[in-house]
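For reference, the chain that follows is the form predicted on its own, supplied as structure tokens.
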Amino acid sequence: MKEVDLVIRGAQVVSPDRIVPAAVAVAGEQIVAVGHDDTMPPAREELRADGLYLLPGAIDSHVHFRDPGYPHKETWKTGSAAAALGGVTTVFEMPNTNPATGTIEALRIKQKAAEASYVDFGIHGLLGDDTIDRLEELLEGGVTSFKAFVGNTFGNLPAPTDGALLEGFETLAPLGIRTVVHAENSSILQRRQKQMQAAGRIDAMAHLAARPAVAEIEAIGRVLTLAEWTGARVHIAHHSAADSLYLLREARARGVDVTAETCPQYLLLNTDHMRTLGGVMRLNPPIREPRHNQPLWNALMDGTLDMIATDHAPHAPEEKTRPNIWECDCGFPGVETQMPLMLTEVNRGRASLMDYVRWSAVNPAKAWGLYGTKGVIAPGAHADIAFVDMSRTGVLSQNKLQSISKISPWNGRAVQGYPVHTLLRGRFVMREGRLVQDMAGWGRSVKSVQRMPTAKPRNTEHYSSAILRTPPGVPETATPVGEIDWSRA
């Protein structure tokens, strides 16, 4: 039997269906065997993992590493190091950097910065009015997916018009590419914020008042309508409100290909915490009233919400603690703390480890075309493994975060359950709770293994003029665009 690089013995292997005692063999970057100890090949290294659980490395589809443009907030090296320490082996990074990832030139700058990454990564390109003509070029250049900021957030990128959003979906639908959407109605947000400011409101609760749940409801409904019309795949980012969950359920029942994430902050925090922490809690969408927490948990459990992401959005402490809420930057770090927070809830009986694996690894891998290579501990998959000690206790400390941003609403929170080792493509990037420093740069783009299925648009007769191709034999001036019945052409 051929010698392998590593055999892990004594652990419990977790899948969405079961937890079984098994050994795992790793050769190069891949898992080559999972089974009984006596079936394992000889190995150059053996690791006893008695008492530990092996989870597929977490996939966080929503992080902001701020690079390029804001290195005082985060860099790819520090953000990915935080991911590695948090048991996260793959991240998808957002385009609201400076420059925004909407041109090939900007993409190349980001790809260069990402060469320092400890973990594997995807890059969301920007879908906006000015980028519609470049979507396919960006895909060829290396983006894995797109992000549309329908609601305004850090970076103040203009929301795409409905026409541009429709056109973008029409372009991406036949390619099978999924678009992440920050779903809040920008017009409502801007008008309400102006009203709050005119009334002299600078308190933390004014931020919530300016971003009511109806803004999320309306935007999700609009996005799903366009997705259903075009056949596009969409992903709702940071779902925050109980009131809009019905839209996901109804759209799925009609066959819309929509996935959705929520974040630990929407499950575990609410306005009671905001009154204490103030601007530290400012993010978009906002932290909401306590009534929203349990319905979001229920939606994870019943599959309405597919996955956990973090919206890791670091800022300098002074940018989060200004007395005027409108001057506090939106977001806080989360990629390093997500796993301990969620494992604590597992220990409390709120969910099972199998549920958590489904939310943190399996469903994200499926949504982004990575399943089989990532999101599973099985022969042929990348050896992306989080070794978890479910009995380890501790207290989260913002001062110990790997992120440059040393400010967090989770500071001082007691947790039980930690990742103690993180294996990425067969190499340890975190071991015994410590970053393996020389593994910076080991991360690589997932573009080469992404397998997004192609899809046939539902309404090809309504393609916009910007992407129409006149069928052979039809004069370009014969019939105005939009009046051709392409089903008969």
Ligand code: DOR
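Quick caveat: nothing in here was measured; it's all calculated off a predicted structure. All residue numbers refer to positions in the sequence shown, first residue = 1.
This protein has a second form, the form predicted in complex with this ligand, left out of what is shown; the following refers to that one.
Q: This ligand isn't shown here, but in the model of the complex which of R178, H238, R288, R358 has a heavy atom within 4.5 Å of it?
A: That would be H238.
Q: So which of N185, Q402, T75, N284 reaches within 4.5 angstroms of this ligand in the model of the complex, heavy atom to heavy atom?
A: The option sitting close enough to the partner is N284.
Q: Please determine, with the chain shown alone, which of 130-138, 164-172, 383-391, 326-334 has non-hydrogen atoms within 4.5 Å of this ligand in the model of the complex.
A: Selected stretch: 326-334.
Q: Should L343 be counted as a contact of this ligand in the model of the complex, where contact means heavy atoms within 4.5 Å?
A: L343 lies outside the contact set for this ligand.
Q: In the model of the complex, does A313 have a heavy atom within 4.5 Å of this ligand?
A: A313: contacts this ligand in the model of the complex.
Q: Would S145 count as touching this ligand in the model of the complex under a 4.5 Å heavy atom rule?
A: Answer no; every heavy atom of S145 is more than 4.5 Å from this ligand in the model of the complex.
Q: So, in the model of the complex, is T153 in contact with this ligand at a 4.5 angstroms heavy atom limit?
A: Result yes; T153 sits at the interface with this ligand in the model of the complex.
Q: Could you list the residues in 62-79 that come within 4.5 Å of this ligand in the model of the complex, counting only heavy atoms and keeping sequence order?
A: The stretch touches the partner through H64, R66.
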